[in-house]
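Before any questions on binding or motion, here is one chain by itself as structure tokens, the form predicted alone.
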Amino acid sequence: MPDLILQGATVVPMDGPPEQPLGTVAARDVRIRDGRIAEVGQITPTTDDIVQSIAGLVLAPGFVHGHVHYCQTLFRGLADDLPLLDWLVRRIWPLEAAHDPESTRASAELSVAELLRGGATAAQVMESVHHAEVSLEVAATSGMTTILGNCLMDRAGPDVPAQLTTTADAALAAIEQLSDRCRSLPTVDYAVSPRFVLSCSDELSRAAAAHAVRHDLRIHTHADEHPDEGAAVRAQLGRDAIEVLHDQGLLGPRTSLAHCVHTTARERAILVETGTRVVHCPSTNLKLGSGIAPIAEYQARGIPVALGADGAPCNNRLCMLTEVRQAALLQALSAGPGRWPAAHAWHAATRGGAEVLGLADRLGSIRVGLRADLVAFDLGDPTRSLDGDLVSRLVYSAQRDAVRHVWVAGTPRVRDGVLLDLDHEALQRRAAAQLRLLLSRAGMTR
């Protein structure tokens, strides 16, 4: 295959030190060869090269979604205006319990289309207890770099549908099966994924942690999302969530915790001591009334931070441009303007996300040798300002329509804002039909 040269864009490489994470922003060309970045600079094409001019656009690494639930995208708009525990008990758990393989596939395919259209080229995905193998197939064919795990839930209760729990032995067998399948997939890694502290027995949590260590797997779970959740954890277990996870062996540099909104001083110290990472989901934390995570403090203490949209029914968007803006604005409010500026939000959505997920040696920066996962943004619309700091314009002004082109491993997936190899309208039709069947199985009208 001939090389592809992307010519004339303003490149935001994201290869700088923590205090200046953007690197040197300048007009440059990028050579792509065999799906990887082969050269960055002023490039003189040969007669064999394919040249695509993207002059006037801004070229950046693809977004890395740190936390998303593909299986929930079908439920968008079905669980609004509820706090976390009611949201789970009244809507999400019954809906997830009603999934079958076809509805799971429709939901995952719709998720991939939305993420690609919004400039995401990598994602960490937490799926439901059952049918995660279907989402795994969708992830593998998407071309996106994906870390995926099935929820572990063996603690049943009156509020949890019976179909949504398994025995600890069955959960461990599912881990074995899915992690084995991932080993043969070049773009999908497996993450051991307890749903949250109260969903798993101590026996399952410890066995899952041991399996992750034995096979060098990532671990992903929710923690300290909502005050009511924290109160329930303390009432049942006598300690805070991160203390419990630490005791069970689930924390460390290969672990990322979604949310971490309401951490105690002791829990924050544990995060630092263990090297555990945090995935911030600002829009979801607002919509469920959970609160504002202390992200500026986490960064100051050296806790790595990524961004995620979480699920469609607790956000209604899977758009990283929404999350970077929301995250930066919320830290200006909670920590003070300038404590966590636009450049740090952009870092968390790109290279920082790759670092949190253990993918920084593959993607997240525009550097020679990394995957050519790239997004070209159009900031020409005067509503995105005509001048000023470039990354501030991206973070505070740009919306999804600013995403002009997307390449995944050098392959164009979005051109001029249009998905190239996915029929979004056909996906929506299939999803609508599957949602009707799912609602019927769940005994709901909507």
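One rule holds for the numbers: they count along the sequence shown, beginning at 1. Keep in mind the model is a prediction, meaning the values are calculated, not measured.
Omitted from view is the form predicted together with a small molecule, to which the following refers.
Undergrad: So if I measure heavy atom distances to the small molecule in the model of the complex, which of the stretches 218 to 226, 363 to 371, 171 to 179, 325 to 333 falls within 4.5 Å?
TA: Only one stretch passes the 4.5 Å heavy-atom test: 218 to 226.
Undergrad: Can you tell me if L288 lies within 4.5 angstroms of the small molecule in the model of the complex, counting non-hydrogen atoms only?
TA: Yes, L288 sits close enough to the small molecule in the model of the complex that at least one of its heavy atoms falls within 4.5 Å.
Undergrad: Report whether the minimum heavy atom distance between C314 and the small molecule in the model of the complex is within 4.5 Å.
TA: Flag for C314 set to yes.
Undergrad: Since only the chain is shown here, I'm wondering whether L88 would be in contact with the small molecule in the model of the complex (any heavy atom pair within 4.5 Å).
TA: Judged by the heavy-atom cut-off of 4.5 Å, L88 is in contact with the small molecule in the model of the complex.
Undergrad: With the partner left out here, check for me: in the model of the complex, does some heavy atom of V244 sit within 4.5 Å of the small molecule?
TA: Contact with the small molecule, no.
Undergrad: Checking a candidate spot here: are Q72, L84 and R195 all in contact with the small molecule in the model of the complex (at least one heavy atom each within 4.5 Å)?
TA: Every listed residue reaches the small molecule in the model of the complex, so yes.
Undergrad: Which of these residues, H259, R277, H99, R351, gets a heavy atom within 4.5 Å of the small molecule in the model of the complex?
TA: For this set of options, the contacting one is H259.
Undergrad: Quick one: from T284, T255, T145, T104, grab the residue that has a heavy atom within 4.5 Å of the small molecule in the model of the complex.
TA: So the residue touching the small molecule in the model of the complex, by this definition, is T284.
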